[in-house]
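Here you get one chain, nothing else, as structure tokens; it is the form predicted on its own.
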Amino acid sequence: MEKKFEVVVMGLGYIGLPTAALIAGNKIKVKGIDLNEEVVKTINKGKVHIVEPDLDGLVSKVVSEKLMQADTKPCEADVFLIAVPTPFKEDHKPDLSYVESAVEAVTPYLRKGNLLVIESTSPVGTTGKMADLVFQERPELKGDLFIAYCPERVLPGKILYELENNDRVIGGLDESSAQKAVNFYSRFVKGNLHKTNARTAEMCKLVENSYRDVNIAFANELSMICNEVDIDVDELIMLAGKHPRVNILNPGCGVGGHCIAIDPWFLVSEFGEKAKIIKAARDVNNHKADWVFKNIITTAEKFEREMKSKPVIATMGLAYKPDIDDLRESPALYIMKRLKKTDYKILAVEPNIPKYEGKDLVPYIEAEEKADIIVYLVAHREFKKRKIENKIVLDYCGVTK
């Protein structure tokens, strides 16, 4: 009988947990590692700590079948996946401390013939640097350890489907590492697996998200221009889209999330003046959130002048995109926090989480009843097709269209 794979997944967040569950769902025994003891306890009860369709059912199933277990410390395995965050520092330079810590944590457990894969979004050359870290501590493994880079490319809300069905780019430090990784991913990925070298795979991930950031920036810039000349940007985009080679995205209140809002900075920080368009897109998308804030304040001040009282403002949505609970780099959250610093009463609404910073959030129906100005920042399903009467409605995400 063929020996079952045993996998350690470092990091049980928005990518690590679905990845671990998907692997375990294919009858491959997985140990998921997270430093947060509450996360570990939650998962070992067969429950989840994040909002993602179908994830709770899959985690419950693989935990009950003893195919997946969570812990705070790694163990020996055949394959080690690094799926921890890579944020940036205050100067927009990438912070690789989480990746380095995860690699250092698994290094004592590595054996000859093991596969080490980094999935965390990383600057070009990171996989090679992590290999150097391993071999400094375990020089006897040089030539006997397979190391590769395989970035995720998933959409929150569809993570399980896309982890299984999307094509993956797999870059090895050498040909044998790339092939070893392809053999592993083929056990649970139905999409095509494209082999390349690690540096190209690292760059590919950054390019994918920078491309999306640039296209979103164009839409956000259009929305601000159209506001100046009283043009409905949604109608404009629809009409321009009738051109056979024009496909403009929908504008929003900025760009958030752990990928698009961060990854382009990795290229800007490394390539400086050569990344002009990428830098400009980041500036536009960051500026859009400030523009939305000022637009809300202008509306509130007009209300105050006309009604002789300060308006109550409801901010509808805090997540960085619809129908998830992920607040990372969220422009909606940024806007709400800035509004909280004003003299206006702010009702914060996020249907996917009950509390923020220890305080209860306001149910959306209650907010609609109490607010004078309703500000739609995220197009959550709960907000669609709502009939709002006798209120000022500011829609920055197209939810009322």
Ligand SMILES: NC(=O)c1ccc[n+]([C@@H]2O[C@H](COP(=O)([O-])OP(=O)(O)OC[C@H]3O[C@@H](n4cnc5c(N)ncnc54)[C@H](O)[C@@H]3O)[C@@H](O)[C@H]2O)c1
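In case it trips you up, residue 1 is the first one in the sequence shown, and so on. All figures in this text were calculated on a predicted structure; none of them were measured in a lab.
Not on display, but discussed next: the form predicted together with the named molecule.
Checked against the named molecule in the model of the complex, the candidates Ile33, Ile335, Val30, Leu347 yield a single residue with a heavy atom inside 4.5 Å, and that residue is Ile33. Put simply, of Phe135, Phe188, Tyr98, Phe88 only one has a heavy atom within 4.5 Å of the named molecule in the model of the complex, and it is Tyr98. Proximity to the named molecule in the model of the complex, taken as heavy atoms within 4.5 Å, picks out 252-260 from the listed stretches 237-245, 252-260, 281-289, 216-224. Contact check at 4.5 Å (heavy atoms) against the named molecule in the model of the complex: all three of Gly13, Thr121 and Pro156 pass. By the criterion of a heavy atom within 4.5 Å, Glu162 is excluded from the residues contacting the named molecule in the model of the complex. Among heavy atoms of Asp78, none comes within 4.5 Å of the named molecule in the model of the complex. In the model of the complex, the named molecule stays beyond 4.5 Å of every heavy atom belonging to Asp323. With a 4.5 Å cutoff on heavy atoms, Glu152 counts as touching the named molecule in the model of the complex.
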